[in-house]
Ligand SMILES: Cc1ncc(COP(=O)(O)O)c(C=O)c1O
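Starting off, we have a lone chain in the form predicted on its own, written out as structure tokens.
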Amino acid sequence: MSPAACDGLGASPLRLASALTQPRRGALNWIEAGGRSVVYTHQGRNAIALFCRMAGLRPGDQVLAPAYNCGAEIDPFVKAGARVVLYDVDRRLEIDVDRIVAALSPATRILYVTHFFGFPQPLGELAAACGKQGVLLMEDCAQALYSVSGDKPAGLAGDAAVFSFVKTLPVPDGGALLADRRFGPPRQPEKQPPAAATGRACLPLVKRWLVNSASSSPLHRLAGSVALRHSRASTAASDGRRRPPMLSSNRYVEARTAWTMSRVARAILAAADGAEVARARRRNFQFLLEALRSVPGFEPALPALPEGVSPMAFPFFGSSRSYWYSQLTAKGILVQGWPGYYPGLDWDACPGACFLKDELLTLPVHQGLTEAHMQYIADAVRAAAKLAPAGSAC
């Protein structure tokens, strides 16, 4: 039996309720932190803001950051008074190490590097250059939870790393900061988020669960259809404007820095089997690689899956972004991208990242999807390719 649709990662009401009633546990074992301090936050962007304070970032200090971003990772630096300078990212989501090293200057305080879609960037040379010049290297592991780089978890190569659990697990909130102990003992945010905020954040999880698990039962399919309509409203592609502004929901809200992870999020994180999550995501990613390798007008952005990678999504280019978005979302498949541009930055200097923002889309590969879901996605892609506008993938 084919699934009704393939949405983002969700959670059943029963799972969320059971997480809420579990007693708070001690240390969480989601990563071997290597003796580093671990701070739990309400969102990943709050972890960035906390590190700015721990590192003594001053107004006017320079932060080098990747131009391919959603804005949520940029806003805390700007709010701290830093001068953000972008470096480019190519269409294979790779960074130019030599150009980044050349861009380091006495004004540079932090080099921020993102492991896009769970694929670790090469950090050996960058870490060495930062060490020589007194620059702090911060890893963005928001998309790389459970990914391994070499023989260590992603996030242990630099001076600090930020994680966002909502990218990988069915949680309403949750982020973390890993920081070298030389920055001093961190102050853990202890304020629980308001119950209403946690409840609102749980609703999309239930909707996605309904969509992904809809069976042949008329009542269940009706519930899944209603949930799908609500879910689609939050995943719209670019509205066609050149360099549309970033989503307001990606802004950093300083008041929330005092919030920690909700009890629900903490319990789900504590119960998560990281090895199984990574295995399922790798299985689904590899399925799409093999099934869609030669589809006309469709090009995987990452044509191989290295060992150790726990992929967040399956990025691809199509012959027409709007066409592929409309065709696949009409079949209930979650298709996403980062079309928004943070205001006031030099985007003209980063054509590669602008190309990614304007053209790249993703398909879901999360652990809540079965082989039947992946076959449904592959069939939908092949069907859309038959009617796609003339031309090859970008």
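Numbering starts at 1 and runs along the sequence shown. Small disclaimer: the values here were computed from a predicted structure and weren't measured.
Form predicted together with this ligand: not shown, discussed below.
- Just one listed stretch, out of 137 to 145, 124 to 132, 86 to 94, 150 to 158, contacts this ligand in the predicted complex at the 4.5 Å heavy atom level, and that stretch is 137 to 145.
- Only one of 325, 30, 347, 338 lies close to this ligand in the predicted complex, with a heavy atom inside 4.5 Å, and it is 338.
- Only one of the listed residues (354, 54, 70, 38) places a non-hydrogen atom within 4.5 angstroms of this ligand in the predicted complex, and that residue is 70.
- For the marked spot (44, 114 and 167), a heavy atom within 4.5 Å of this ligand in the predicted complex is present in each of the three residues.
- Using a 4.5 Å cutoff between non-hydrogen atoms, residue 286 does not count as a contact of this ligand in the predicted complex.
- The closest heavy atom approach of residue 257 to this ligand in the predicted complex falls outside 4.5 Å.
- Taking the partner from elsewhere, residue 250 is found to have a heavy atom lying within 4.5 Å of this ligand in the predicted complex.
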